[in-house]
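Next comes just one chain, in structure tokens: the form predicted alone.
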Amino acid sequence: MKNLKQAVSKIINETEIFDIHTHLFPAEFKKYHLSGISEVLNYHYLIAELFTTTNINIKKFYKLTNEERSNIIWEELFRKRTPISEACKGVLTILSELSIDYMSKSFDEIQSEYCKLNLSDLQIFKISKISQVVMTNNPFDKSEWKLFKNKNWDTNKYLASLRLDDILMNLEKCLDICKENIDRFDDEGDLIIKYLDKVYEESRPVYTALSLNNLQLKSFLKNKFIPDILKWLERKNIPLTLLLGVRRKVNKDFLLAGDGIDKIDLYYLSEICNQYPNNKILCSCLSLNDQHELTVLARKHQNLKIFGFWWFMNQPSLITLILNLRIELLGLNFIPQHSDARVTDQLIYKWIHFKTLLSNVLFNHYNNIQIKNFKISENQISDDVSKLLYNNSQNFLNLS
């Protein structure tokens, strides 16, 4: 095929995306919906960079308003210094994509221009070619769960998932909330399952999710509630999503910006897959050290699907390396990315950056098989890209 590189890039940029893991909320749920340039600048990626780049007083910084913090971050990371980190370049991508000239301007000037655009969440979805996103929803947070009491929002655009971390981290709170909603139950295990039935009917989640450090992963199957939860997931035919390798509060003074990486033993992930072969498992690991073994495990377990580049892994140099590894070992049998966005506007830069990397990687692989006399067509490329950005997720979540 002539102009293979151009064809691959064009197809990737025109293909609809299913974003399988975000922390977004619809605009109608104002308490939890985050958008705008101030929220982008106040994200913990940039806050951590600010703290380690300057001598700013952390406690005083956190007492400031969002706008005051944004001014400091813009001045320190974008005007006094070259904005060369991935987090900083993400901000520049958003501003460039929205045709905002940011050079030599203060935060207030940029904020003024940005607000005039009055972008809705659905406009950002359109810019980013996002078809649907999966939210992260905590059924043990009463305030957050009010989203599902009033469904005056687009439930086709925003799909639910159930975050179950509190069952492992804050059991007494979970049991109290379950008892408030369930009158009759045999024991604590029965109580939790009946509550999960209730919130399932309210939200129709596409998966449940847990973030685990190594100790939590190691003891996962020993938890008395886990076998019943896995059996419940099998009955509902929805996957369990495991986000592995976060170490909370590496620096507690940084608050949300203070989490780091834990060392993970993926032997225990393999054991989960072996002991529960009828349960679908989605997995993403936080450390580069785990990526090779994780990819090999995805070749060995039919019920395991790798997805995305989570958090510290979402760096261009690592994405290119691991994308090649996954294609070489798995073909196209994985979900290449999720945004993990908490601010709607982040969808713009996260997907632009990833699609550029994906385009380069796929071109090299297509070019390699073309040299071997395999005739690749635009229709075939389109089918492949649709699998990666949309269909693989839909099929694994039983949405297709």
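Fair warning: this is a prediction, and the values are worked out from it, not measured in the lab. Numbering starts at 1 and follows the sequence shown.
Missing here is the form predicted in complex with D-arabinaric acid (RAT); even so, the following discussion is about that form.
Contact with D-arabinaric acid (RAT) in the model of the complex, defined as any heavy atom within 4.5 Å, is confined among 369 to 377, 55 to 63, 34 to 42, 334 to 342 to 334 to 342. Contact check for Lys387: no non-hydrogen atom falls within 4.5 Å of D-arabinaric acid (RAT) in the model of the complex.
Within this chain, Arg248 lines the site of D-arabinaric acid (RAT) in the model of the complex, having a heavy atom no more than 4.5 Å away. The closest non-hydrogen atom of Arg163 lies within 4.5 Å of D-arabinaric acid (RAT) in the model of the complex.
Within 4.5 Å of some heavy atom of D-arabinaric acid (RAT) in the model of the complex lies at least one heavy atom of His23. The contact residue chosen from Tyr268, Phe254, Trp311, Phe225 relative to D-arabinaric acid (RAT) in the model of the complex is Trp311, the criterion being a non-hydrogen atom within 4.5 angstroms. Exactly one listed residue, out of Ile167, Ile281, Leu217, Leu243, brings a non-hydrogen atom to within 4.5 Å of D-arabinaric acid (RAT) in the model of the complex: Leu243.
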